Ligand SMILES: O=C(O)c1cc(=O)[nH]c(=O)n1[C@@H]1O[C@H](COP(=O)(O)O)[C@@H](O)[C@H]1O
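Only one chain is given next, in structure tokens, and it is the form predicted alone.
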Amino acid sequence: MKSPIYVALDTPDIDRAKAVATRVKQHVGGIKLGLEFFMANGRHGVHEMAEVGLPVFLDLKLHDIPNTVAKAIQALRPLDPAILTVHAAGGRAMLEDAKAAAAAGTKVVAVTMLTSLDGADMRSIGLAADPHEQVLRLAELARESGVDGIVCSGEEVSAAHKAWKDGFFVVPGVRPAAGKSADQKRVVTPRAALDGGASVLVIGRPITQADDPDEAARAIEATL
């Protein structure tokens, strides 16, 4: 069975990203490239990383008016990402247009709440201070809009999965039991996220900053 682990290569250094991806290739199911990587290396960098031979999750969290997001996704089609993110807060029309613009093989997933936010942060931007409620509201919007799934923390994935049985659930902020949470506020272990219904686990620093990334990926995979 293919590993549900996507390693987050959040670095502008393409040589380092390639080296880590090559080392962990046998123990992960894909690579996640975010804004930091994309701004530094662009489309060419994504093509180069695809040569490693792993599916690419392009995590750009697009959020704009529907037409702009649709055209941006059309522009990304030649990169053939396995997974692409947009913000659920962009609304129904934006989500519908995003899915319509994506290639057939690309899963479009909607980001609900960033895992770096907690209740106090939500109050500061005018939202009810309950991440759980907000995630479920946006998950329902995503389901109705026809996208493939959502990005949510491991704390919410179980409830979201119950409400959306065939949804595709990406869980970031995953940390091994002994790992540090760093700037993530709502974290769970890989095993707990998977048991809750996660389809993909996004794991970055516990693998990429380990002395031996391959051994770290192998150890996490063993817990699954």
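Heads up: residue numbers just count along the shown sequence, starting at 1. Bear in mind the structure is a predicted one, so any value in this text is a computation, not a measurement.
Keep in mind that the form predicted in complex with the named molecule is not shown, yet the notes after this line are about it.
Query raised in the report: Would residue 111 count as touching the named molecule in the predicted complex under a 4.5 Å heavy atom rule?
Result: Residue 111: contacts the named molecule in the predicted complex.
Query raised in the report: Looking in the predicted complex, any heavy atom of residue 202 within 4.5 Å of the named molecule?
Result: Residue-level check for residue 202: yes, a contact with the named molecule.
Requested in this report: Tell me, yes or no, whether residue 175 is in contact with the named molecule in the predicted complex, where a contact means a heavy atom of each within 4.5 Å.
Outcome: Result yes; residue 175 sits at the interface with the named molecule in the predicted complex.
Query raised in the report: Using heavy atoms and a 4.5 Å limit, would one call residue 61 a contact residue for the named molecule in the predicted complex?
Result: Residue 61: contacts the named molecule in the predicted complex.
Query raised in the report: Which one of these stretches, 72 to 80, 97 to 105, 139 to 147, 112 to 120, sits within 4.5 Å of the named molecule in the predicted complex when only heavy atoms are counted?
Result: Going through the listed ranges, the match is 112 to 120.
Query raised in the report: For the spot marked by 10, 85 and 206, is every residue within 4.5 Å of the named molecule in the predicted complex through some heavy atom?
Result: So, yes: the whole triplet contacts the named molecule.
Query raised in the report: Going by heavy atoms, what in 136 to 155 lies within 4.5 angstroms of the named molecule in the predicted complex?
Result: The stretch 136 to 155, when checked against the named molecule in the predicted complex, contributes only 151 at the 4.5 Å heavy-atom cut-off.
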